[in-house]
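One chain comes next, on its own, written as structure tokens: the form predicted alone.
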């Protein structure tokens, strides 16, 4: 199922908000999307862009992603883990929807690229999955924001250490494709952290049947159902100012001189739908944080602790915090799980480990476990200063160095004094007492 077909499905189910009033791409569209978050929304009339519609908030929750795959939310970690371990090549087709229309000439001003906030450096593509390739290491799929500054050029943030950066550093310049308008199989696969050389499109295909096609002007295999594709080259030495931009942490990133993406070809579907993604908002958080949960889950289990679930939660910007639910068998399991969780997600700053009776999606439950089961002298694990995330504004300036802390919120196996067990209230069938 492609992005548009999924959107039509939401419409038939009555869960898609349609805005018939004309909206502008500068601030207005983003403001409306934020106001209705997490509800999916479609702008049917976009000022100055009569040939485009704009959709956003399509995958703001884990539930929305689970619904796409037809599984409960509890099945997301096993499904993604299975897809990473058992990836397989997608089907290649030539007559692909993303190539239905080849735009005459290249003019980024003809695309409804959104400006999300007043302080943004410009109009940003934030929802695109970016396809690049190294002649020896193969293809890579990832997310890289891009800010328009000319009709054919964008400056793009490429973080040192990412596969794209490695490829670009080796070659000096690279063919690339920014693919806008995709479904969770492609989006989640692009956000996974796997070894260099693994083609994330094979993970996407293992998640849900995925078709790819060869791009029209660059030698890359791209998602066939993308709504819009920008093809061109990225240059390491040719740079332009990029930023400010709202990070995952809802704070502004700084201005930098970043590599230039020169767009040389634009293709799109008939009656294209532009996929918007609000920086720092729920959809951004879910798509970035959720793919880290399977790596933490796997790392904790491999450390010998029975991990039941992981939540890289929005309160921690879906990046800096992880809540890990375990079935505690040994007194050291909580601390062992903390160390394993940091190994599974090295950008994490704080890890909270809780017992199996705690709902890790309920902040009151997690806070209750800290209030009743945690003693700092006994249960605080100070990892010390380590490289964390470049997204953390409190990290040492100019570096990613941060103080990592783990909180063992599990109850002792042997109780001394008061019980750590939660009292249960009696349950009744309310239908017997209250008329509906």
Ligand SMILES: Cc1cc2nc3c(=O)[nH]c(=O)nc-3n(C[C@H](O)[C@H](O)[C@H](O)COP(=O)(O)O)c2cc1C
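For clarity, every value in this text was computed on a predicted model and none was experimentally measured. Positions refer to the first chain, counted from 1.
Below, we refer to the form predicted in complex with the ligand, which is not included among the displayed structures.
*Among 160-168, 209-217, 323-331, 102-110, which stretch has residues whose heavy atoms lie within 4.5 Å of the ligand in the model of the complex?*
Stretch 160-168 is the one.
*Indicate whether residue 277 is a 4.5 Å heavy atom neighbour of the ligand in the model of the complex.*
Answer yes; at least one heavy atom of residue 277 falls within 4.5 Å of the ligand in the model of the complex.
*Non-hydrogen atom contact residue 317 with the ligand in the model of the complex at 4.5 angstroms*: The answer is no: residue 317 has no heavy atom within 4.5 Å of the ligand.
*asked:* residue 227 versus the ligand, in the model of the complex: is there a non-hydrogen atom within 4.5 Å?
replied: Close contact is absent here: in the model of the complex, residue 227 is far from the ligand, nothing within 4.5 Å, heavy atoms only.
_residue 200: touches the ligand in the model of the complex, heavy atom cutoff 4.5 angstroms_ = Close contact exists here: in the model of the complex, residue 200 approaches the ligand to within 4.5 Å, heavy atoms only.
*Only one of 143, 149, 252, 235 has a non-hydrogen atom within 4.5 angstroms of the ligand in the model of the complex; which is it?*
That would be 143.
_Please identify the residue among 349, 268, 116, 292 with any heavy atom within 4.5 Å of the ligand in the model of the complex._
Only one option qualifies, and that one is 292.
*asked:* For the stretch 339-372, I need every residue with any heavy atom inside 4.5 Å of the ligand in the model of the complex, listed N to C.
replied: None of them.
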